[in-house]
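As structure tokens, one chain now follows by itself in the form predicted on its own.
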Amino acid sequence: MSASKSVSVKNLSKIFDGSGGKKVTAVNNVSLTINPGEFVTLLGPSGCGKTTILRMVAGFETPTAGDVLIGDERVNTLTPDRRDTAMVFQSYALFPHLNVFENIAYGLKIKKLKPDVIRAKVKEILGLVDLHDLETRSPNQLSGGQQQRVALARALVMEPSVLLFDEPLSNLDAKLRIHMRREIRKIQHQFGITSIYVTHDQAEAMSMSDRIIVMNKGVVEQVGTPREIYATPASQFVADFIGTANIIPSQVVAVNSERTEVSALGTSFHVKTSLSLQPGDTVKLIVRPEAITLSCDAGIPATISSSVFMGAYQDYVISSHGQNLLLVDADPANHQTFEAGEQVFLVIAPNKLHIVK
């Protein structure tokens, strides 16, 4: 396998011609660096620019402005076959007239490697992706998960320095997606290959990534580890897009070097933040559902609006001071459960609070 390389984009922009002569900015002055061997996910809703960035790294789109670097080499003018990258597509893009072995070997034949070298490389990859007994089957004889592994093997056998994934699991059912994201991450770890993964599925991003790049409307909202993105979102958009969040309008009461006091839900909370704030500022208090517990006798008064047993957890919607809040009890078998209409009290963990402007 080739040595993994870093990928950098510097002041990268892409503007398309829209209908009626209108210009559409898909990517707006984005700068990022992905380290060698790192698994980074571009995450965001449809139309946020994540796939356009991936295609500019791959060479399928030309930047309107800015640079793409693989390692130390500027690759803006290089065709995809000269960039030392490989792409795993959403549609798999397998050749229907070739069997599994021939699909995986195709790129090696284009490189004019010797037949015995090709066979050895393909056999090795088939073993790694657990397809060694399916090499003579055609794509239409394979399940969706098997086809996805063939597509992954075809990319890996080329020994690229950078592996690119364009929403590769979106055509699989939910259970198989969970299995395949584990398989992809395991193989990526094994090869230590630099990987850029595009998805709109937050569960994929959280479970697979060393770092996540959250995008919105052509710009980067936040870059961080899954834990950082979830616990300390940089904006209301990130808080709302990653996981489930209660976003509560609040007002700053007092500011000191340790904590910022904010007023919400008829009480005060003391929150640690790096934001520069002044008393009277309006902010949003971010409270994750698992940060709230229910009490019968002390806390913030509330009413149960909805209570649904989901097996592993109890899912609540609770009304308090004009706000509807989501709450998840992850251990309902060992806790008292409440039904719709009951009066309760909320207890919110102070170390799990976060505020955004």
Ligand SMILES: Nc1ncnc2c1ncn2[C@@H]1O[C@H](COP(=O)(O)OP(=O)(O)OP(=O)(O)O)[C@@H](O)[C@H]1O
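The numbering used is simple: start at 1 and walk along the sequence shown. Small disclaimer: the values here were computed from a predicted structure and weren't measured.
Beyond what is shown, the protein has a form predicted together with the ligand; the following relates to that form.
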item: Touches the ligand in the predicted bound form: residue 345 (any heavy atom, 4.5 Å); value: no
item: Contact flag, residue 320 vs the ligand in the predicted bound form, heavy atom cut 4.5 Å; value: no
item: Any non-hydrogen atom of residue 221 within 4.5 angstroms of the ligand in the predicted bound form; value: no
item: Partner contact for residue 51 in the predicted bound form: the ligand, 4.5 angstroms, heavy atom; value: yes
item: Segment that reaches the ligand in the predicted bound form - one of 33 to 41, 285 to 293, 51 to 59, 311 to 319, heavy atoms within 4.5 Å; value: 51 to 59
item: Contacting member of 349, 333, 340, 24, with respect to the ligand in the predicted bound form [4.5 Å, heavy atom]; value: 24
item: In the predicted bound form, the one of 259, 137, 200, 74 near the ligand [non-hydrogen atom within 4.5 angstroms]; value: 200
item: Residues 17, 45 and 167 all lining the ligand in the predicted bound form, heavy atom within 4.5 Å; value: yes
